[in-house]
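Next up: a single chain in structure tokens, the form predicted alone.
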């Protein structure tokens, strides 16, 4: 019984030699270029621009973007491995480098050829950065509840509203903004009448507001974005008018795999640091690893980690095949992996003792990061709803509100 899936083949994880070669190159880059700067990044809450330039030179900013638009032409497994390996060192760096995917994905899938040729190449080359602006002070999980409006004016659209918790907004040159272009037909159809627009930094009436300090992912803080009578031409609409909710959901379904990869990377780091410390730290004339309590912590961390990793690679494999089951798998991977990251961080802190709670011990930061993982790209309780609804749709063809 493989309910709600149809076959044991649905659980296949497909890998190839090129993936491993790429993974090793990313690990080497992260250890050589990023790791020496982690304390500085944590202290200043900023990713050095020179580090982003080095990532661009390696082609990491073009992952997932077709070669036609100066990208690497890679599938999703490359992005998953990149995020996992870099998050093992510095999760914030993956946000800084790949938050643009929330812009490039809807443009690639729903945008016009003119939009693709204008915006994708400079992002792929690392010359420009992009952000995704949907969340508002009163609308996060409830995307249909946004209050930003776009009204027709002079052959284009005038946008007014305020966005909040927008990752990468401080350095983004391009923004994809969700706004209401028509009132919903009814309360049950609030998701209708939403549309996406591309807004460039420097457009009159558009500005990035205050930075929002959060407990984790230091180095990539979110910001507020204000749109005051911002005019954009008709050609800046992404996709069809009124299809914004559909585009947003599709984008987030893919983005959740990236969050799961961040969580797996952090869980890996917690395991490695706990094991290394327990081998070096001596108490009662013996290394910590000789004590059963510590052995149990390390064993449990490894078991949870590999379970999360397999779920991550499985969801990525389904996404690579464009399988509809990928939506449910991505939510399952995000839900499980982020909770594993939290548990692994707590166990790593326990093994480290006093060093684990010291802010310069570089262990407690993973617990802080895990709390952010559990919230963005859809809070974990929302993932449970997505999983249930997708299960009912897959198994019985039922839509459950």
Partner chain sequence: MGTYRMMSRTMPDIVVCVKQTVDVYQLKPHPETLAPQLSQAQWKNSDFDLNAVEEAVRIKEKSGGKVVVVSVGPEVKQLLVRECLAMGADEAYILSDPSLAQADGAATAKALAAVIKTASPKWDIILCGEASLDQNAYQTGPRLAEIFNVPHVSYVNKLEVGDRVLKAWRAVEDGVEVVSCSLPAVVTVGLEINTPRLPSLLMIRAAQKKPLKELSLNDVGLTKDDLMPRAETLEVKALKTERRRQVFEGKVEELAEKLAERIIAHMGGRR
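The structure displayed is predicted, hence computed values, not measured ones. Residue numbers count along the first chain shown, from 1.
One more form of this protein should be noted, the form predicted together with its partner chain, which is absent from this view; the next part is about it.
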Residue stretch of 329-337, 35-43, 350-358, 53-61 approaching its partner chain in the model of the complex, non-hydrogen atom distance within 4.5 Å = 53-61
So, in the model of the complex, is residue 74 in contact with its partner chain at a 4.5 angstroms heavy atom limit?
-> yes
May I ask you to state whether residue 24 is within 4.5 Å of its partner chain in the model of the complex, using heavy atom distances?
-> yes
Contact flag, residue 20 vs its partner chain in the model of the complex, heavy atom cut 4.5 Å = yes
Please run the contact check for residue 78 against its partner chain in the model of the complex: heavy atoms, 4.5 angstroms, yes or no?
-> yes
